[in-house]
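Only one chain is shown below, in structure tokens, and it's the form predicted alone.
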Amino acid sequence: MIELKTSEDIDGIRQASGILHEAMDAMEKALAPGITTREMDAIARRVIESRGATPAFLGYYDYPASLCISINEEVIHGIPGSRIIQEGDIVGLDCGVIYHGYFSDCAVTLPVGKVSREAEKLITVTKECLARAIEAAKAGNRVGDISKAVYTHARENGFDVVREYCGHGVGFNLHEDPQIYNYPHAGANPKLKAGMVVAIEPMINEGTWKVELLKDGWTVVTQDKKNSAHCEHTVALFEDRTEILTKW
């Protein structure tokens, strides 16, 4: 069931998004060769908790960290640890915040130093997919319009789209209805309405769309081990506009 949010609810999600903005900004500034993924997680947690908020991912289905950090062929849900980030890596940062009972969710993939031309293009196209999806996310359209926007732009640029994971509603919980696939999908295609708050998150692969789950039970990687990029914003729909709540 899709739960519409009041203007007061959206303001609460906006505040959670502001704290998430600060955490993402701090991590982006710290990201450099030599830092460990565990140190990146500590930065996110420190910023979130210093604002009186709670990391939304920590303990979610027993997830052990505040940040999902996914490198190169890792698509999503990489667990922070002792891994040292290297020059030439592309690094996905995915984080969430709970503040006064409201949830916000956001992700970005960033280059570390000089990356390959193909990796740079992948990151750029993934950001463009998100931007086009947000343009399609307006009251009166349908969820499928978001899916089509992502898929069309990715395929036109020679990349493919992860099928097994998708965007979602957000606000009262971390994951709510509707599910928002990044490719045309034969399932439910609800109409978009004012009061909906959704997390739109293209996951775009250099090679095959097929993915595998590692033995840790969380980390998802591309089946062909080629790079993947992931970008996400929490957005609120109004009658006359769509607002990116997590923009920084």
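The shown structure was predicted, so the numbers you read here are calculated from the model rather than taken from an experiment. We number the residues from 1 along the sequence you see.
Another form exists, predicted in complex with a small molecule; not displayed. Remarks below refer to it.
Asker: Taking the small molecule in the predicted complex, would E74, I123 and E206 all count as contacting it (heavy atom within 4.5 Å)?
Answerer: Looking in the predicted complex, the three residues E74, I123 and E206 all stay beyond 4.5 Å of the small molecule (heavy atoms).
Asker: Since the chain is shown here on its own, which stretch among 174 to 182, 143 to 151, 113 to 121, 126 to 134 would lie within 4.5 Å of the small molecule in the predicted complex, judged by heavy atoms?
Answerer: Going through the listed ranges, the match is 174 to 182.
Asker: Could you check which residue among C68, M40, V197, L192 gets a heavy atom within 4.5 Å of the small molecule in the predicted complex?
Answerer: None of the others qualify; the residue that does is C68.
Asker: Using 4.5 Å between non-hydrogen atoms, is R83 touching the small molecule in the predicted complex?
Answerer: R83: no contact with the small molecule in the predicted complex.
Asker: Even though the small molecule is not shown here, does H168 get within 4.5 Å of it in the predicted complex, heavy atoms only?
Answerer: Flag for H168 set to yes.
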